[in-house]
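Shown next as structure tokens: one chain only, the form predicted on its own.
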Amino acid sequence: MSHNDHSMRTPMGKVRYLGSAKSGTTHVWHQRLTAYALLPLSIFFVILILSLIGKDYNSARAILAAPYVSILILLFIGSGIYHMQLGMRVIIEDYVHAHGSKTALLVANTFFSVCIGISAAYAVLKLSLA
């Protein structure tokens, strides 16, 4: 949106991210929700990594294989990957103006995000279910 588009919105519309057609900008809300989810999940993840320092392989594996740890790691991965994908989508939409390039980059962004997410989830599940 240009600067003029923003000035035409009501203050409530700005807070709700509503344009003149009253349609919400869903990805902005999703990005905020994932950011809020990532706050405690990131703290958990850092504490988890710090707790693994000095542990032998079997001890570290036992900690990482605990159900609540695996679930929190999967939530961290899912939220982080989705947050990353949304952020890159906004950058691509804002700065790539050629339609073909924009479409190709949006597809590549989604494909990359899905591949990284599935790979990370597979690693966690393999560790926790082995």
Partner chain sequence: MSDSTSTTKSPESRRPMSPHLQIYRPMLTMMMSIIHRITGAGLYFGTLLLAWWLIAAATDAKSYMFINDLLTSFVGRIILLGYTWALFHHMMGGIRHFIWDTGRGLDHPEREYLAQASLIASIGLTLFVWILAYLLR
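Positions refer to the first chain, counted from 1. What you see is a predicted model, and the numbers here were worked out from it, not measured in a lab.
Omitted from view is the form predicted together with its partner chain, to which the following refers.
Residue contact check for Ala123: one or more of its heavy atoms lie within 4.5 Å of its partner chain in the model of the complex.
In the model of the complex, Tyr68 stays away from its partner chain, with no heavy atom inside 4.5 Å. Under a 4.5 angstroms non-hydrogen atom cutoff, its partner chain in the model of the complex has Met88 among its neighbouring residues.
The closest non-hydrogen atom of His83 lies within 4.5 Å of its partner chain in the model of the complex. Scanning 96-119 for heavy atoms within 4.5 Å of its partner chain in the model of the complex gives His97, Ala98, His99, Gly100, Asn109, Phe112, Ser113, Ile116, Ser119 in sequence order.
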